[in-house]
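Here we start with a single chain on its own, the form predicted alone, put down as structure tokens.
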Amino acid sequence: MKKVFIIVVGLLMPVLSWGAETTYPNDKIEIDWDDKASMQRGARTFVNYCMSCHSAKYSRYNRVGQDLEISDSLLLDNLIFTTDKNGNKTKVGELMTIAMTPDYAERAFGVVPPDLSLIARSRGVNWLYNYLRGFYVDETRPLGMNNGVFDKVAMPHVLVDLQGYQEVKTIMQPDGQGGEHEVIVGFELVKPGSQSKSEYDQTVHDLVAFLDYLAEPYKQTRQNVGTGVIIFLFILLILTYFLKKEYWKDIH
């Protein structure tokens, strides 16, 4: 059985390494949960560019405002653009849903855009950061765009006005099976957007920070409570040790 397992792993390794090599970009980021300004900017980008198709139906506007230090008046003026079925503006206590129905979305895009409430937990912040920076021009695709992280992506590049249009740079590398495959090694900007590369990277970082918050609003509280519990248990251990010595000193 052990030999069979080793053989199977050996056969799969070239395939796994091939998949890892074709992912570009592949950078890592750190999310600072104390940087509320970054998450506020990410919320602005989210409602302006993402919420036309993607909902965040497990979050409420006022909860986001409370956690990110955004007042109700600012929420109403700058982050809430939807209305209810009667045409009245969505209230701050409502869920972050969208007007587009699943049936219409499927007819328009061929697939229902997923809700993004938990996307940072399912995909991870590094994947999201690279994905949103990985779009490039590909005339063979229906929408004229492909992605270095998500090959044959169906989603349009909604941030293209910010990032601009970029073409892919590739090289041929051995695939470990006697052949070669194309590997993405970089991008070349052919039509600039309204932001520089560093500005766009920061915009994406802020957006991912907000998505990370959406996925687990209690994350920072949970970590702080966990740290406090560990400290309490450590102090309790010390007290218990000295208490044990006091109880048993006459016996020993």
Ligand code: HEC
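Keep in mind the model is a prediction, meaning the values are calculated, not measured. Heads up: residue numbers just count along the shown sequence, starting at 1.
Keep in mind that the form predicted together with heme C is not shown, yet the notes after this line are about it.
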| query | finding |
| --- | --- |
| Within 4.5 Å of heme C in the predicted bound form, all of Ile80, Ala99 and Leu214 (non-hydrogen atom) | no |
| Ile70: touches heme C in the predicted bound form, heavy atom cutoff 4.5 angstroms | no |
| Contact label in the predicted bound form: His54 to heme C, heavy atom within 4.5 Å | yes |
| Distance check, Tyr49 to heme C in the predicted bound form, heavy atom within 4.5 Å | yes |
| Gly148 within 4.5 Å of heme C in the predicted bound form, heavy atoms | no |
| Partner-proximal stretch of 165-173, 178-186, 128-136, 87-95 relative to heme C in the predicted bound form, 4.5 angstroms, heavy atom | 128-136 |
| In the predicted bound form, the one of Leu74, Leu118, Val160, Ala154 near heme C [non-hydrogen atom within 4.5 angstroms] | Ala154 |
| Contacts with heme C in the predicted bound form - residues in 84-115 whose heavy atoms fall within 4.5 Å | Phe109, Val111, Pro113, Pro114 |
